[in-house]
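Subsequent text provides structure tokens for two forms of one protein chain, presented individually as structure 1 and structure 2.
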Structure 1
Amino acid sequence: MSESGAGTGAASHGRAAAVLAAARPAAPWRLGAGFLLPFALVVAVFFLIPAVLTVILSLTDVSVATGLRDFRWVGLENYRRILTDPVAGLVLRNTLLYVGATLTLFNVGLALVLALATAFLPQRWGGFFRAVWLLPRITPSVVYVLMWKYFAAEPPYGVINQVLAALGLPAGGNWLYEHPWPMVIAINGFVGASMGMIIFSAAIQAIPREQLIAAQVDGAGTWALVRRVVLPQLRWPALFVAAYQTLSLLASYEYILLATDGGPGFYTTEVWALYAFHTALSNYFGNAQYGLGAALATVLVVIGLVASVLYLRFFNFRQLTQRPRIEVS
């Protein structure tokens, strides 16, 4: 190919042709592969394989007592145990309540409100509020829950009751005991809101200014601007935050463990992940049953899977992942 180019063209043309010819049809996959490979490797090895392993382990009776060598295949025994467990239903209901309420009220709802409201403030104040909301996330969970416990505590320790009393309102007892669900949801929600807030804020920032101005000129007030121009462009972040947080919430138990430990009373705030922790993984007394834990986790994954598929449908995943527009490179 380069021969013909050099033969026919003038000297300079020949050179250009040679350059072009030397540029062998580029392998478009090369950069993609290079970019994906380290990532794929890390994820596959350190996440995918363990995930698959976990599913496999769920079919065994592996536990501390069996060690990681002497376990037996027990088929679906672990799943049978879950199915016959009289509290599984209750725990599942709790889980749905917990995930649903925390997600809608805080992780997506409040996050959006915060992102929007801070966007409407001067840069400096917006930053201030966002920083404040980031605090719960950077606070060690034990400390964070400790603060809540002090907030919820009965008089004279509890802050909420103290504030209520100062306002002349009737003070109650221990809020964690008397209103376990609102408290559990708030405790998780105040941490969860910051992620959505940051992501939504950045996404709002990315909308070209002129577009927003155009909307104002078109007659859009604040609300219309938000609803019709800003929110629709937050679809990807919203899908992402909703899906991701659903899964995070499904798998999370730490704050509940610390706050109510599933109580008060009979599994009142016990969620699936915490139940898994309690029945299979907590090592306080004796034997952690990894196999059963894996089975409980797998059930959680299945729930998460169903939720994800619904999300992807709902947000029109196909449309959100459009074809690249640069075709040669």
Structure 2
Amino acid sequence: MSESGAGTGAASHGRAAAVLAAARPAAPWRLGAGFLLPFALVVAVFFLIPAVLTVILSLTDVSVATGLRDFRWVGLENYRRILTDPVAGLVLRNTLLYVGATLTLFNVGLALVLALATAFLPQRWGGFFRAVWLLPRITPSVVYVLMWKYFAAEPPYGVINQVLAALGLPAGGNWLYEHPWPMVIAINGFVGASMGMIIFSAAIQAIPREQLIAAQVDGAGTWALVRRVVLPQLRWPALFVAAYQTLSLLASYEYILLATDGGPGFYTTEVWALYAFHTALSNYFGNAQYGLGAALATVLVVIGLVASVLYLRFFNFRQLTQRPRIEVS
């Protein structure tokens, strides 16, 4: 064979190898990394970088008085101020009450009740009631809180007092001033319940009907069906709803800001996120303390991380993620 023929054969072989290499599927990790890269960039830009900047800012005394030129690095001084601040203890108790009551009574409790109630209705009626319960979530926050203020107003304007009077019960004054915590919890709870209701409803509908029918054939009543068949299969949705809604309640303050602004009085319904907002951006003294507000926000992030770890342990996350012992085809 001539040298030119050998060279042509080698070139053809090289081109064929290149074509095969190009047609060969990419490694699985590369494919996964390609899909995750856009989302990783979004998380980094809008979550990780702001979190790092918040921690850095919490180590300074930046405020309106110092500006961006005269501030000093104070280390952990802002955290020491939080530990010695008597208001911080009251705000922390308010936050635990707010998150615990709203989560238990509405975001998980009422959401689960609504999901169970609508799951056993005809699909048409169940979808209608779920759509109605979504109205508080899709209503603008300002309009939603103004409606509640109208409901809670003093006689003869407040709807709540009008209903009580029609039932022959004694009517009170303005419910937002006389009973602020039940009103704040209800205002936030009716919004949060809608999300849990949708997630629990989808999980219930995903349960194979054969399991429900088999339980009924074995003589299980409605309560036994719910307790023995439905609820054990809602651990994953319950973990997600509890963890997500806890973090959401810890970080949200707009409804409290619009309804009571932390009042009535001083810090009656002030929660940690609202306290950080008032400290950093809107306080009575006019000197917005960005460094101290960032320290308050950092503490809130730590509280959220601790709560997430506790949820993972409570719901036994490792057991939930184990491979099933029996493969069902």
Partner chain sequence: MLGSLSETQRPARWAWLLLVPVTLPVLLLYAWLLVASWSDGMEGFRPLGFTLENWSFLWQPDPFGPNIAQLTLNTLLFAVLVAVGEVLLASTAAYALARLSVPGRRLWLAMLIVLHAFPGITLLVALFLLLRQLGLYDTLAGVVLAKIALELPFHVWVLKGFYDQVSWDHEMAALLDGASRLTTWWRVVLPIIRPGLMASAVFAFLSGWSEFLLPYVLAPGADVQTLPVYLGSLLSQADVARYGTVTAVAVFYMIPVMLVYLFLQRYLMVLYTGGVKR
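Predicted model, so just to flag it, every value in this text is computed and none were measured. For numbering, take structure 1's sequence and count from 1. Note that the rigid core is defined as the largest set of C-alphas that superpose within 1.5 Å between two forms.
- Taken from the form predicted on its own is structure 2; the remaining one is not.
- Once the cores line up, the CA of residue 239 ends up less than 2 angstroms apart between structures 1 and 2.
- Residue 293 is among the residues whose C-alpha shifts by 2 Å or more between structures 1 and 2 once the rigid core is aligned.
- Once the cores line up, the CA of residue 73 ends up 2 angstroms or more apart between structures 1 and 2.
- Core-superposed comparison between structures 1 and 2: residue 61 shows a Cα shift of 3.4 Å.
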